[in-house]
Ligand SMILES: Nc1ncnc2c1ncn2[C@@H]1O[C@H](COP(=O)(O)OP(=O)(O)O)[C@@H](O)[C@H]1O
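Given next, in structure tokens, is a single chain: the form predicted alone.
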Amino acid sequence: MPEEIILETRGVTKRFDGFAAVSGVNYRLREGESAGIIGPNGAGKTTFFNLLTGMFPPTEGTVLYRGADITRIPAHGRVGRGIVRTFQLVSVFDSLTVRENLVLALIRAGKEHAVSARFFLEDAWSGNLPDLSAGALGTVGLREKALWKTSELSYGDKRKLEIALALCLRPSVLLLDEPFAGLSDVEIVEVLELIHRVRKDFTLVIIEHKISRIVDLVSRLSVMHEGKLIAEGEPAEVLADPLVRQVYWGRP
């Protein structure tokens, strides 16, 4: 039996003042798949992620999750359905401790705290929230730094914390936007090993410029150029495509 299509776009387009950052993209992601999206700067990759995750509404087209139309569902609603992302620039609260970042994310995403009065007034350290946050920190190797102020972490550890934030939300689909950006070679290896270790738990889509780092991570590679998908398939075949080589490296 073929795997279920978990996330799909049909003719999705995003225009800004007449400029098409994403143009008529048809994309299908199968449940359990690890997929990569590459392309030169300005190709539309992050804008496409923003459309998948509800950060932007599309100008045209449809986004489907498990066959249901989620085009008009906002970002927080998609998180509640299991679509979780990270960002190019690490997005964490430097003024909080590492553990507080995770507990805040768990509280805000939890259905029992959807009412604002509960969010502001209930005890953040009650129930199983501390255990869930400790488990996520253990997965990414930050358990011993749980009480550190986030501002004291290295950039690589902040990236691990951001991934822990995503993991503790128990995603069905995890979208990573350039997770190696700004990291040293040692930090890249650590984060890459972490992604390899946890990817079995969800469907993965990753945007990355460092192509050599993800060819062994993903089973399918898609290439965007000028807002359009120009190639898709197994990584080795895609990277040998003359059009891809011309667009990406300026030579066939």
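Numbering starts at 1 and runs along the sequence shown. Just so it is clear, the model here is predicted, and its values are computed rather than measured.
Omitted here: the form predicted in complex with this ligand. The next part is about that form.
Worksheet item: Considering A43, L204, L51, I214, which brings a non-hydrogen atom within 4.5 Å of this ligand in the model of the complex?
Response: None of the other options qualify; the answer is A43.
Worksheet item: Which single stretch, out of 215-223, 58-66, 34-42, 191-199, brings residue heavy atoms within 4.5 Å of this ligand in the model of the complex?
Response: Going through the listed ranges, the match is 34-42.
Practice prompt. Give a yes or no for S172: in the model of the complex, does one of its heavy atoms lie within 4.5 Å of a heavy atom belonging to this ligand?
Written response: Flag for S172 set to no.
Worksheet item: If you check in the model of the complex, is Q88 within 4.5 Å of this ligand, heavy atoms only?
Response: Output for Q88 is yes: heavy atoms within 4.5 Å of this ligand.
Worksheet item: So in the model of the complex, does any heavy atom of A21 sit within 4.5 Å of this ligand?
Response: Taking the distances in the model of the complex, the answer for A21 is yes, it comes within 4.5 Å of this ligand.
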